[in-house]
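Below you'll find only one chain, the form predicted alone, shown as structure tokens.
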């Protein structure tokens, strides 16, 4: 960049530090949309790193988001452990059958080596390609499923809840092997060129488990894991509630928190002031039906709730925009975010 213009990387870094950049960064986590850009079915698109790199670059040129992502699909991490991803034509891949059929099998689990997993290797190669193409101006965001939420893929959700409630003697072993894997996987992405890691931890949310269970289990796993990741991390709790566990999340070492539509963004901003940067909280399910007036209203609402003082990134509230959201809505979100998110936010005082 020339003439002293602020780069997207500088803008995102400043927001994640809790400070106030030139404007609020706008990040659209578009993953499978790259398949549409290069004219491939979703499964074929994710099969080659050059497809993903080209798709992400075309998405960046089309929409002008302040970040790229190397994220493919969450079930990829089940593939790394020997499982299967089930692809769809119009949405993210789902996880196949759980690897662990009986709880006693947890004692035999061993973490895979990242270098031995072709599916992870494709993500790393796509990351290196993106880093080479965009240089140091645009941040690349990676993602790792947390050691505490990964068992929902490994065991199946119902069996994992059974373990949490009835077999807490097995949990330390399960978390230990998952932490080793998650740290290695996150740091491999950092070495390949990502600037920040999304720490995907939906099971920790107060929508899924009681806050006291998180404090006694998932919080410690996050503290141990994030302390070993060599890049800033942002915690994603899916669309779940985070307010009941805000203090615990702030102690994990995460740099920021993705807020979903289940929470009141203004309340989360007040609760996290000086502790965490916030991302969110546009409703990615509802935005499929938004018109321009609704886009404008939702963007202004989010900015007025969390933008003052800095430490905010405008984003969807789940971490992945659905395939069905129209192009015109995505373009309108970025345009409105850049227009209303420039500091100082004087329009809020006049509103």
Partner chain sequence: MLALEQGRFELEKALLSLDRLSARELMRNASAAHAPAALAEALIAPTLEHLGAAWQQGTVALSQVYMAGRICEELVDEFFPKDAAERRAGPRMAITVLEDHHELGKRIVYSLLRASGFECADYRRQTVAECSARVAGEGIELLLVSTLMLPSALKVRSLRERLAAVGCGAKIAVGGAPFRLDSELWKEVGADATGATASDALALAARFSAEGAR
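Residue numbers count along the first chain shown, from 1. In this text the structure is predicted, and so the values were computed from the model without any measurement.
If you look for the form predicted together with the partner chain, you will not find it shown, but the lines that follow are about it.
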May I ask whether 90, 165 and 206 each come within 4.5 Å of the partner chain in the model of the complex, counting any non-hydrogen atom?
-> yes
Interface check vs the partner chain in the model of the complex: of 107, 115, 270, 86, the one with a heavy atom inside 4.5 Å is 86
Assert contact residue (the partner chain, in the model of the complex, non-hydrogen atom within 4.5 Å, options 288, 292, 301, 48) equals 288
Subject >> Contact flag, residue 176 vs the partner chain in the model of the complex, heavy atom cut 4.5 Å >> reply: no
Tell me, yes or no, whether residue 94 is in contact with the partner chain in the model of the complex, where a contact means a heavy atom of each within 4.5 Å. yes
| query | Could you tell me if residue 261 has a non-hydrogen atom within 4.5 Å of the partner chain in the model of the complex? | reply | yes
- Query: Might residue 231 be said to contact the partner chain in the model of the complex, defining contact as any heavy atom within 4.5 Å?
  - Reply: no
Exactly one listed stretch (278-286, 305-313, 50-58, 34-42) reaches within 4.5 angstroms of the partner chain in the model of the complex by non-hydrogen atoms, and it is 278-286
When the partner chain is considered in the model of the complex, the residues of 321-335 having a heavy atom within 4.5 Å of it are 322, 324
